[in-house]
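Quick heads-up: it's one chain on its own, the form predicted alone, in structure tokens.
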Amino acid sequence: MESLTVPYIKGDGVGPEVTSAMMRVIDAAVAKAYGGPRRIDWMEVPAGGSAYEKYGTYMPDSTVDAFRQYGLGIKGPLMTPVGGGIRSLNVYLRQTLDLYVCLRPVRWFKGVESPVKHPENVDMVVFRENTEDIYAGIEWEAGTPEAQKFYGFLRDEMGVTKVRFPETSAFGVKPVSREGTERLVRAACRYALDHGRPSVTLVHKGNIMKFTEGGFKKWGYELAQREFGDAISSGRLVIKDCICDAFLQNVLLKPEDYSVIATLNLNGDYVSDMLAAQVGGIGISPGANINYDSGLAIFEATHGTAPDIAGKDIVNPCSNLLSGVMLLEHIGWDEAAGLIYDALERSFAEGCATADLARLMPDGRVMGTREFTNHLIGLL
């Protein structure tokens, strides 16, 4: 593989800044690692606010088609339209392309300040189900004919009597399927075995939501035993579960007990951000949306558009950069990925970072986005 075309969305707000920094560092690392025979050909595709201004749509079909054609891509943060239109551009991409895993690795870099005493013990990879649960978007607003009709069905056809204030209630439906659960847990187990990680923990709220979250737990265990029974019986893989509220406590008290996490959509949203906070925040937290059956993968910054600081040369580009590192690992360019990890570790150990991180470091040196990017390139 001499060159690789990668579609990218620059994003809204701070998106153009973090995307530019990511591409510059990735290009420099690839050139350093391989001396020229390999390169990435970046292909910009439109989405977000700038796409709406030019094309009258926040997500042109050509953008989705490009991701399908090339099988991977990367994106900066995207705005969520206010009022009508797409509920979330990120959710739209995940649903449309069936990117059923939101992959969020969480690790600590020496030198980064943390609110916990031992952030070095936080080393987890979250497999968050991406297409079901409440993020399926099946809900009806309070007071609408649809909400009244839905309540009438619950009352008259299903015998539901537990809605306390039906006239003013909004309603949502939480679909959780065996198939959706199995493909997520399968991907998590394979990842654990491929990367020498000792356990997969099913995080759920099955004690209360017995048929949705409880089904996730049940189906997850059954899949693991059926398809990975040899690895389990030999001790190469441990499958366990934890109720979500207890899990949020446990990862503060004994994070070393957890390695790979498999969980549903809403739980995964809370869990991944809380874990990111333990190692310095979502500013250094990467992410990817992956279909492990088709191989299609879109990597992304995990933070928002931050319009209040856009264009001020102060945004931390590390979330998008580390998502780019995940992309390099995904395509097997591990040498280039390793160079970037090393450069980040050296920079943080020196106290050199953007303001959000450097202000918390003893003797931290605050760098602007461009200066920090140049510094990392110099450390490759």
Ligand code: NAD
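If you're wondering where the values come from, they're calculated on a predicted model, not measured in any experiment. All residue numbers refer to positions in the sequence shown, first residue = 1.
Below, we refer to the form predicted together with ligand NAD, which is not included among the displayed structures.
In summary, the region of this chain contacting ligand NAD in the model of the complex, judged by heavy atoms within 4.5 Å and restricted to 29 to 37, 52 to 60, 344 to 352, 315 to 323, corresponds to 315 to 323. Among heavy atoms of L184, none comes within 4.5 Å of ligand NAD in the model of the complex.
Residue contact with ligand NAD in the model of the complex: E141 places no heavy atom within 4.5 Å of it.
By the criterion of a heavy atom within 4.5 Å, N291 is excluded from the residues contacting ligand NAD in the model of the complex.
Although the partner is absent from this view, L78 contacts ligand NAD in the model of the complex, with a non-hydrogen atom inside 4.5 angstroms. For the options I282, L99, V112, V251, the one in contact with ligand NAD in the model of the complex, meaning a heavy atom within 4.5 Å, is I282. Comment: ligand NAD is not present in this chain, but in the model of the complex one of A306, I232, L154, I134 has a heavy atom within 4.5 Å of it, namely A306.
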